[in-house]
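Starting off, we have a lone chain in the form predicted on its own, written out as structure tokens.
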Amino acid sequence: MTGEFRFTFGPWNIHEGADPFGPPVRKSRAFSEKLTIYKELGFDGVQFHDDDAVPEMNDLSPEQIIAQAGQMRETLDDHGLVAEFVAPRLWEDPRTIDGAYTSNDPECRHYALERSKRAIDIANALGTDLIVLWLAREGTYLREAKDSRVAVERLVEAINAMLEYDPQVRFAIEPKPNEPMDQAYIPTTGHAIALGFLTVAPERIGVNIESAHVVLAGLDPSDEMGFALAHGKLWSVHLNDQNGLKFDQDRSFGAVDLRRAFNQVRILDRYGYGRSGEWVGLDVKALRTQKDDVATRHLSNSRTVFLKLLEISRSLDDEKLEAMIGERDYEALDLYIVQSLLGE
């Protein structure tokens, strides 16, 4: 069963090019302008942080937040777009310096949970039932600062509270092994799925797998996707690329390791990804050297590469593949894949 692929990206993927070593190098684009760009580039959905949809939401009442999110829904409708998910932004507020759900301060944990409930309200107003949880600061810079068992229990407690707040919403945990924390408590797909099984509603807990995060863990993205697919838990993907075990680069999909990208496309397609409504999300950023007028090519390039790799994968001779695998002639298989990627 082949997949069905629709594409999303987040408004943060069109950005000004600032990095930890230098200021912005491109002009800011208004959110409304970014929405127009979605369709121009061939995308149909939008990934949201909660405050992408409702700016300055900490200063608003729950009723005001829902009203503003409803206005955003109307704007999406006007552009022919839909929301893929909403993610609570729990890593920038001063109250999340020491973590959000795992903070040692109970008042900070309370803030994180209340902010997450507002994100659920926003998701409902935008017409999506999916919340992505990137557990950005749920970890430590030094292990003695927190008790890892208590941290897991606090994560489960927070997720249970969110599950009980809304009986329909689903959660996709987005694992990452490090950055911004030195060590994260939920670093891989296996950790995320296992965490879900500790909650009161495991059937509503899945994963969002980001290619670069998997590479940072020293693993292969297609293998992690296969693991999640085997559990029926792959509810979203963030495709990009990564040049080694360094900071999270969000390079264009396939820009560093084309074969690694090919295998991600192939496993998604072979197991019908997208047929239950899942989206292909991109989380890619323009190179800092890119000029303003071409600072969206990383998005169109990534989509183009995905579709080309999909074409290559579907053109492979399955009987030939099975024969080489059956004969354990993996060198022949290796050359066949490489030649296919070279267009030979």
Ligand code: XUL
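Position 1 is the first residue in the sequence shown; the rest follow in order. Given the structure is predicted, the values throughout are model-derived calculations rather than measurements.
Same protein, other form: the form predicted together with this ligand, not shown, and the subject of what follows.
With a cut-off of 4.5 Å between heavy atoms, is E210 one of the residues that contacts this ligand in the model of the complex?
E210 belongs to the contact set for this ligand.
Mark A87 yes when one of its heavy atoms lies within 4.5 Å of a heavy atom of this ligand in the model of the complex, and no otherwise.
Yes, A87 is a contact residue.
If you check in the model of the complex, is D248 within 4.5 Å of this ligand, heavy atoms only?
Close contact exists here: in the model of the complex, D248 approaches this ligand to within 4.5 Å, heavy atoms only.
Counting only non-hydrogen atoms and a 4.5 angstroms cut-off, does Y111 reach this ligand in the model of the complex?
Contact check for Y111: no, nothing within 4.5 Å of this ligand in the model of the complex.
Region of this chain that lies against this ligand in the model of the complex, out of 210-218, 252-260, 114-122, 146-154 [heavy atom, 4.5 Å]
Among the candidates, contact is made by 210-218.
Establish, in the model of the complex, whether F7, D44 and R303 all lie within 4.5 Å of this ligand, using non-hydrogen atoms for the distance.
Not a single residue of the candidate spot has a heavy atom within 4.5 Å of this ligand in the model of the complex.
Could you tell me which one of W91, Y165, F227, Y271 places a heavy atom within 4.5 Å of this ligand in the model of the complex?
So the residue touching this ligand in the model of the complex, by this definition, is W91.
Heavy atoms within 4.5 Å of this ligand in the model of the complex is the criterion; list the residues of 134-151 that meet it.
Counting only heavy atoms within 4.5 Å of this ligand in the model of the complex, the single contacting residue of 134-151 is W134.
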